[in-house]
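Okay, so here's just one chain, in structure tokens, the form predicted on its own.
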Amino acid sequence: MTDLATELGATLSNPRRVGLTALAVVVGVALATLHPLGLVAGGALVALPQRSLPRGLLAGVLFGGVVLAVFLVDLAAAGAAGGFLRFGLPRNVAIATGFGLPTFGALARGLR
């Protein structure tokens, strides 16, 4: 049985890092549709293949942007995007949650 550092090192030396990140985005968005903690898990998933903690945090923020874009497209398909954008506090909470939770999950990249 290998430890987490060995697994992480093997992932970081993998030249298919972009593919792993894309797969992590797809899995993370799927998890985020099931439960809000999926945002944390998705942020951790996209951060783990990155080379450093700052890049992992950036990947977490970008993942949050992707999730918010998917959320807005879903709302627009239902015809509710205009109403959502007019709400002040719920809109702000959704945006803060969309960027904050994946960034928090991306801190998993810093674990050793």
Partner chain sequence: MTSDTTRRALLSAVLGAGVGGMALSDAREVLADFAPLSGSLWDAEGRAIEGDVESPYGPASVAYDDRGVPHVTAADERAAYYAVGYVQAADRLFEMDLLRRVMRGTLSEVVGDVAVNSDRFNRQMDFARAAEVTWERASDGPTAPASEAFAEGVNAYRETAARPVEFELLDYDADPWTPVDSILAQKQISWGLTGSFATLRRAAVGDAFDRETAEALYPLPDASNHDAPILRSDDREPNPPGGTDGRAISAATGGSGDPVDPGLVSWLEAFEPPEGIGSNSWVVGGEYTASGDPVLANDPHLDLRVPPIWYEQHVVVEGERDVRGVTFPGVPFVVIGRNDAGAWGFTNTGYDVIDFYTYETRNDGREYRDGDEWREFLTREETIPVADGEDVAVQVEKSVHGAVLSRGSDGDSLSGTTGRVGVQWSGLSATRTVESIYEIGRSTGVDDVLDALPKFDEPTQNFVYADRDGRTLFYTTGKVPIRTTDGNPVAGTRVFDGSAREGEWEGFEPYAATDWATANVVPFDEKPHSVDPGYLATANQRIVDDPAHYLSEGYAPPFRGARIYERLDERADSGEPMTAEFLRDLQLDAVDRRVDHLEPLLEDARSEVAGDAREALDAVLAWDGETSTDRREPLVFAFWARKLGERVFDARFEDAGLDVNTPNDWVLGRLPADSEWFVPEDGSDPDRGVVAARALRDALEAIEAAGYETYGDYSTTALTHPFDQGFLNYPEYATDGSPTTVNNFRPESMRGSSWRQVVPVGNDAPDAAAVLPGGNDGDPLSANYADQLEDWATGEFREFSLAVPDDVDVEFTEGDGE
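Numbering follows the first chain given and starts at 1. From a predicted model like this one, the values you see are computed outputs, not experimental measurements.
What follows is about the form predicted in complex with its partner chain, which we do not show.
- State yes or no: in the model of the complex, is some non-hydrogen atom of A94 no more than 4.5 angstroms from a non-hydrogen atom of its partner chain? Yes, A94 sits close enough to its partner chain in the model of the complex that at least one of its heavy atoms falls within 4.5 Å.
- Message: in the model of the complex, is there a heavy atom of its partner chain that lies within 4.5 Å of any heavy atom of P90, even though the partner is absent here?
- Response: P90: contacts its partner chain in the model of the complex.
- Message: Using a 4.5 angstroms cut-off on non-hydrogen atoms, would L48 count as touching its partner chain in the model of the complex?
- Response: Contact check for L48: no, nothing within 4.5 Å of its partner chain in the model of the complex.
- Answer with yes or no whether H35 is in contact with its partner chain in the model of the complex, where contact means some heavy atom within 4.5 Å. Residue-level check for H35: yes, a contact with its partner chain.
- Task: Heavy atoms within 4.5 Å of its partner chain in the model of the complex is the criterion; list the residues of 67 to 84 that meet it.
- Result: Sequence-ordered list: V67, L68, V70, F71, D74, L75, A78, G79, A80, G83, F84.
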